[in-house]
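Take a look at this one chain, the form predicted on its own, written out in structure tokens.
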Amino acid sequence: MVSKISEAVIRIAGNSQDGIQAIGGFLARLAGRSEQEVMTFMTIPSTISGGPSIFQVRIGSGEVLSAGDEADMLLAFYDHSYTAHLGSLRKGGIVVYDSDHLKPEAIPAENLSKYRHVGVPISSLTIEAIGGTGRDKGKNVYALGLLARMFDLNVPKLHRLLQERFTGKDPKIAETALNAFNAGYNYTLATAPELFQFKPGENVGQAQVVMSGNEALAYGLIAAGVRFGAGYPITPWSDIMELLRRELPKYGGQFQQCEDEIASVSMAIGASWGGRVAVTGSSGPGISLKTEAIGWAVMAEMPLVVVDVQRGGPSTGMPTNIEQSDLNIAVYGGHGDSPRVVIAPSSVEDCFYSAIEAVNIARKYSTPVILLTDQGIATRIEAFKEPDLQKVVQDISPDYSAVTEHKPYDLSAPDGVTRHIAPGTRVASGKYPVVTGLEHDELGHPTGSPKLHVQMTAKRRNKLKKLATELPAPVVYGAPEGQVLLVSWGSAQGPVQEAVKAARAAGKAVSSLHIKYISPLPNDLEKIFEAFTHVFVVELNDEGVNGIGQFGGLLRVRYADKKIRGITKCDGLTWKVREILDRVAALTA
């Protein structure tokens, strides 16, 4: 029997060494190439030796806003995978398990009555298909073949994906992978209760790209015209660094791996002073090390893009888990009054366009811009409409045209907005500016003048106040007034909006507001808040000593509105829709 389905949530559980991320990646990329929506979620161990890991992929013919609360199917490679993740499966869901590791007789009777079980000797059949190394090297691709049969996936497209994956390697590797896949696809699923087929996607005829958030952000930086970056490896920022190191030379640029975080940000600042916005990045611990130099860039009014891919903290915390706990250091980190711009992308697609926007804001306002993403967005895979590169790609090469005179810190400039000229630009007056981290006059010369310090501090502040007036106002998702407004930022947007849909379907007056611009905030948010009885800020960090959460605390300080409260958690996992709904119900009871 073949059932037509509009979506499915598939959870793959095993060890990181089994290549389960590769299976999920193939499924996600196939969905994107099949004009469907897709979103993924993964966990990986933080130890070099590896360990238990999952990859969850949600494929839908319609809108997909989250990776899904419950799985429709669990693919378990080991008994510990089965035991640990059976609870993530919906009642009546299907378990496909490797019967070489989990024996049917070891499955409790209550589980057999609650879930549908399909046992396949994946390890031994893979060895039979491709030889003795199959147990460790090919069972993931064999399992992909099983899934392709169960969900009637496009085999020619999967074959191409497999061949692309091994391009440039020994042709025998691709041949072995195809043999493993075909063996899994051709296996007779005698115990399978039914087969499935996805309904046609709604994005028919739409060219889509499929990538992770880290990939989208890196390509966005390249499209924005960035040609220099510097960094130091740290999870989960390193993927961006590796992609830029590989791709920038193709466009006449380069990426420098430095000896530490301080050198990285300092080198990027130097490159930006050279006339073209540069990028550096890290995760929480590395951002701590960069804060002094970021303050230098604020004082010198130097355009700079800093990427912070958040992970669990503090200290080295949980390096491979999601958290949104770097907001405070992004907004306030550093000594003295050092205002900077903070932007938080909400999706993989938004990572691409936010990178371009960050570069343009940094250039226009001569200021550091922090792109605040997180491990959830960084590693998850989504499909989105292919960007119109003719429109978005830009050249930000410096202009060396001679000027009569130039004051990089001109106090008469409207709203305090000034820009540097590239070194080597001729100044006819002969008065060349300098750059320093000390307080300075209009040409950059160091000064201890109390009057100038007050004026320059106001200049650095006022230009960001000007930016706030230009930021687009966020749009309420749902009705513009009601009982509950859920405020989200970063990767929480999708689950929050899905929670709103569920709540409104149940007749509840719930809406949401997603805020992308963390600092400065867009103007007039208080007018939106006034239309709701409760305002709950949904974020992935601890409630803190004030019981509000980091962004909730920032909003309380800004608007002095006691109805702003937090819905927070810090378990290292993404939000589930039911978690949000349960918390709202408890707080409004």
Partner chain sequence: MSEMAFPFAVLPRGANTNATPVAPLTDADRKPLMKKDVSADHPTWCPGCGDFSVLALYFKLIEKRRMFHEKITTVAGIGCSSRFPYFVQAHGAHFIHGRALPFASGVALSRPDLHVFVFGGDGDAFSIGGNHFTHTARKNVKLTYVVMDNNVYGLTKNQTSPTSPLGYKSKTDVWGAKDRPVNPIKQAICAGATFVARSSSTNPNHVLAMMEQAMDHDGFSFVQILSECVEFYPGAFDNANPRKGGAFAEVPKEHDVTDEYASYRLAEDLTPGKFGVIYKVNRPTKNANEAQIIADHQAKTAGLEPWQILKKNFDRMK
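Computed from a prediction, not measured in an experiment: that's the story for all the values here. Residue numbers count along the first chain shown, from 1.
Heads up, the form predicted together with the partner chain isn't pictured, but that's what we're talking about next.
By the 4.5 Å heavy atom rule, the three marked residues P398, I421 and T425 all count as contacting the partner chain in the predicted bound form.
With the partner omitted here, the residue from V277, I361, M73, V120 that has a non-hydrogen atom within 4.5 angstroms of the partner chain in the predicted bound form is I361.
The contact with the partner chain in the predicted bound form, taken as any heavy atom within 4.5 Å, belongs to Y517 out of Y517, Y187, F196, F166.
Of the candidate stretches 315-323, 353-361, 78-86, 371-379, only 353-361 has residues whose heavy atoms lie within 4.5 Å of the partner chain in the predicted bound form. Contact annotation: G270 falls within 4.5 Å of the partner chain in the predicted bound form, judged by heavy atom distances.
Under a 4.5 angstroms non-hydrogen atom cutoff, the partner chain in the predicted bound form has E259 among its neighbouring residues. Though the partner is left out of this view, Y432 does reach within 4.5 Å of the partner chain in the predicted bound form, counting heavy atoms only.
Put simply, E242 is far from the partner chain in the predicted bound form: not one heavy atom of it is within 4.5 Å. Residues are counted as partner-facing when one of their heavy atoms sits within 4.5 Å of the partner chain in the predicted bound form; in 226-258 these are R227, F228, R245, R246, E247, P249, K250, Y251, G252, G253, Q254, Q256, Q257, C258, in sequence order.
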